[in-house]
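Just the one chain here, the form predicted alone, laid out as structure tokens.
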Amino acid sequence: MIQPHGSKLVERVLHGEEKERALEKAKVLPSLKLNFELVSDVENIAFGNFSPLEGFMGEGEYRNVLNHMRLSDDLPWPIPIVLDVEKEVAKKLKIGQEVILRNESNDPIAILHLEEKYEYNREEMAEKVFQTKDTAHPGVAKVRGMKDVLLSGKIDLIQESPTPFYNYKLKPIETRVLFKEKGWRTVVGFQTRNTPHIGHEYVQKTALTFTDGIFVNPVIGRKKKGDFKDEVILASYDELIKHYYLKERAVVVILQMEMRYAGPREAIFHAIIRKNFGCTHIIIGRDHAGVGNYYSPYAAQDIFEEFPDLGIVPLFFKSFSFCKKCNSVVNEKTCPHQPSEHINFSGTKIRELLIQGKIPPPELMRPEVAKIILDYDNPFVE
């Protein structure tokens, strides 16, 4: 099976007596309350999704990632994983101290072993990660709203936060066992934040032709206004797989993490995470992890040329559409017909039809999937 990123799968979860001692410490140690996104980062570190990271980045690692998209040992890593706090809070904490990290319900979820406190330039972070300073970009807006000081140090998870999607939640150590039990030597990962249309099904099944299994991995967490809600995405994929996939060839597992909309950098980040889950391949489509017009359509594919040492194979899909003459999904290499014969897979058009309560034509979306979506009073993030 493919090695995790950095060759070692991180696991920083406390059990048994260690967990009980940590819960006792939580009553007296200083603590920080984290939002949902940071709690997700903590869990992703602890479970090995972010291997080889064992905690939040120190200043040297942060600078290296920001400027070179690599860790200090030259391992590819494009996105800073950092913990921000107010300056007044940072002043009260001492290097070498243990700090309890709590979720929004004030439950203790982890211990941070504080190693560094450092200041940073928010505009620089935004411009380098997102290639823009425009606050209309959701990622830039989030960075501009971050606090003044970053804390670094290894973390130990005390307990998971509850999720309504627990049945879909597997850790990398578990997906690797699952793939082995299924006899999958090659696995293709599919990153998504949308309900599936016929175009998605086309790229998944095309990739599945050359691999043993498809790992559909929807991102669960903060999304922008107008995105599909988490429960709608999962229900629609359940319906699609029920009717149109071989059960032994497809699995759906959530990735609880915010979308950063960092385009090319995030495509590399998504590939690393799927590598840690045990995927040998990842599908990278047009405008992967993009938003608006901030990135060229295939920037998220071109960036892979800079990372020949990534250790996971990207499968690139460019333009494809439904050809009325061919009566099938086609791409620029397979169809001789004029653009007037093609129906493009427009997410905007599909959403407009769904908002009107209409089932999109079968050339765009499976009717079973559309009906599942329309069963929800409001399937979109407001």
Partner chain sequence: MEKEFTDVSIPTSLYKKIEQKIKGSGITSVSSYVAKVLRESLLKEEETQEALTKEDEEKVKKRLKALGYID
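Residue numbers count along the first chain shown, from 1. These figures come from a predicted structure and were not determined experimentally.
This next part talks about the form predicted together with the partner chain, which is not shown.
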query: Of the listed stretches (144 to 152, 247 to 255, 220 to 228, 89 to 97), which one has a non-hydrogen atom within 4.5 Å of the partner chain in the predicted complex?
result: 247 to 255
message: Quick check on Met1: any heavy atom within 4.5 Å of the partner chain in the predicted complex?
response: yes
- request: Please check if Phe210 has a heavy atom lying within 4.5 Å of any heavy atom of the partner chain in the predicted complex.
  value: no
task: Indicate whether Leu178 is a 4.5 Å heavy atom neighbour of the partner chain in the predicted complex.
output: yes
- prompt: Using 4.5 Å between non-hydrogen atoms, is Glu174 touching the partner chain in the predicted complex?
  reply: yes
query: Thinking of Arg70, Lys169 and Gly311 as one candidate spot, does the partner chain come within 4.5 Å of a heavy atom in every one of them in the predicted complex?
result: yes
field: Proximity to the partner chain in the predicted complex, single hit among Asp74, Glu104, Asp134, Glu124 (heavy atom within 4.5 Å)
entry: Asp74
